[in-house]
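The chain below stands alone and is given in structure tokens; this is the form predicted on its own.
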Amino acid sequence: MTLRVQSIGFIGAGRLAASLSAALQEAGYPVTAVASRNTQSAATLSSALGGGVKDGTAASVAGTCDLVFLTVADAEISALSAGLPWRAEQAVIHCSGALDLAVLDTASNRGALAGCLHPLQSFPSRSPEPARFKGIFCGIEAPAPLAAYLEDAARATGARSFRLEGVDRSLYHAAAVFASNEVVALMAAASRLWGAAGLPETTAREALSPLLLASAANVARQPLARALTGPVARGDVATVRRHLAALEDEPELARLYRALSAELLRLELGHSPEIARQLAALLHAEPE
């Protein structure tokens, strides 16, 4: 099947759509139309993109564009796709990390090529931020020739790509959630402890963020065992014991501390068998 892309449309004009459409446009790809259930959002994004990008309806984007990105919530993809006028030699792409291509079966049954492009990145702003694609990875699932097109497009935005065929999408997406969303949960837990220690909780984010950023930079540059610092990395059993004693009045945070610190013991930390045993005993023991 041939794939000729002279026009790219977006159905959904939220945070991902804003940055992905801008990144593609910046790389020279022909973004021509945007639609959204919220017509003001579509108008705002089309205006931000400029260059003759029109805002319209979902049906008009699907009916006129050669390649369409469905940048809507996961729960809406299947029903949205089922109600649109797809045609042969057209491409339809969803951007969900958790869903496979089955949600686009209606488009496939009508002769369109179905695919997925999932950027491993967070998009906190509704304003276009094409630079967020620089250096990230995008998961891609699609048949030929769409797969090659998406790989080229990802590369043009500054991203790298990997294939998702045969991957357990729920576990893959959960891994991304651990590395992204749960970091925010950890900062929320750290902020609670900051306040419980007697410090103003309002300063926790500002004070602890540089530590978080440094840890992320270490992870990006080094193997995990070498990136790790702190009492578990040092084999400092006494400090871990003091932490757990201090957390006795915060049982939920104590369980979180134990679970995450026990996960660190899976790394090759170079501890003696006795230190490793003591740490494991502390971290796997439940309070009485």
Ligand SMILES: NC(=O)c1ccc[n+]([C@@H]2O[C@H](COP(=O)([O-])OP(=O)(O)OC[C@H]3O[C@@H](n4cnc5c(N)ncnc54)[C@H](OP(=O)(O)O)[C@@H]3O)[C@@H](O)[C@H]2O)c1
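Just so we're clear, the structure is a prediction, and the values are computed from it rather than from any experiment. One-based numbering along the sequence shown.
There is another form of this protein, the form predicted in complex with this ligand, and it is not shown here; the text below is about that form.
The contact with this ligand in the predicted complex, taken as any heavy atom within 4.5 Å, belongs to I77 out of A153, I77, A112, C138. Think of it this way: in the predicted complex, this ligand has a heavy atom of just one of Q121, N218, T106, S191 within 4.5 Å, and the residue is Q121. Look at 143-151, 200-208, 67-75, 182-190: in the predicted complex, residues with non-hydrogen atoms within 4.5 angstroms of this ligand sit in 67-75. Though the partner is left out of this view, N38 does reach within 4.5 Å of this ligand in the predicted complex, counting heavy atoms only. For H271, no non-hydrogen atom is located within 4.5 Å of this ligand in the predicted complex, even though that partner is not displayed. In the predicted complex, this ligand sits beyond 4.5 Å of every heavy atom of R169. Shown alone here, C95 lies within 4.5 Å of this ligand in the predicted complex, counting heavy atoms only.
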